[in-house]
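Single chain ahead, written as structure tokens, the form predicted alone.
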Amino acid sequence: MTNVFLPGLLAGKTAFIAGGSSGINLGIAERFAELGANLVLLARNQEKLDAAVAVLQAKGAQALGLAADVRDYAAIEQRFNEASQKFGTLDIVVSGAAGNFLAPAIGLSANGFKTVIDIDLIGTFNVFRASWEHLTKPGASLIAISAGQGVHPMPFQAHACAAKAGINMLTKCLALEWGPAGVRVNAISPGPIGDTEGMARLAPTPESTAALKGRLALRDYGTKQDVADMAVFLATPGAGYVTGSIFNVDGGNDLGDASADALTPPRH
């Protein structure tokens, strides 16, 4: 693992990560732990949280796992109270809980659509709103986890596209309102990231994986560390004048089709 940041960069800082028991969010937590941060993880399953906390503690971090559903505002509010009681004010909040599946709109139930909106968009609002009273002001950094669906319409992703577009706009609105208090709000939009549940669902076969990689400018999936390193940057004073921005960590996916066929000049 390449360490592009100074050891101890986040020493004395406390990060609260919603959805932090697995996937990209746990990767962010691990990176923060390596750089000295205290960690509070929030997810629905306490057993998974306990396993994630053990991983962070093995890296020398102080870590706490709190179970709650991001759709339940009262529960989230209580978990922030518990986090502050243990660690004091919070310097970093990452909202990354998400749900997704492939479904044509005509085959998508109202409940299925609502579930993704509730977890992704309303969950992000709940986490950020409940964090407000516990943030270090000035100085706190809030980071939402979005996706390319927030900008680019995709077939079979009406629910996810709507949710992520909402997260992008929520990020910008909160940046406007909370900036005067010294609270920065940004979002990371990961592209295809290897070894994640999302890619297992969206590109489930070797053929679909190869086809997707062939369209990327960098010709490969990213890693959880790629996303985590962007989160570290946004959490540090190096990003102290950055707010209201959506950062693509996607190997050029946002640029469009970079396959050999697409890049071959037409013959005249």
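One rule holds for the numbers: they count along the sequence shown, beginning at 1. Here the structure is a predicted model, which means the values were calculated and not measured.
Keep in mind that the form predicted together with a small molecule is missing from the display, and what follows is about it.
- Using a 4.5 Å cut-off to the small molecule in the predicted bound form, each of 107, 119 and 198 places a heavy atom inside that distance.
- Remark: of stretches 180-188, 132-140, 167-175, 108-116, the one touching the small molecule in the predicted bound form is 108-116 (heavy atom within 4.5 Å).
- For the residues 162, 193, 103, 75, the 4.5 Å heavy atom test against the small molecule in the predicted bound form is passed only by 103.
- Here is the short version: of 59, 44, 215, 224, the single residue with a heavy atom within 4.5 Å of the small molecule in the predicted bound form is 44.
- For residue 127, no non-hydrogen atom is located within 4.5 Å of the small molecule in the predicted bound form, even though that partner is not displayed.
- By the criterion of a heavy atom within 4.5 Å, residue 99 is counted among the residues contacting the small molecule in the predicted bound form.
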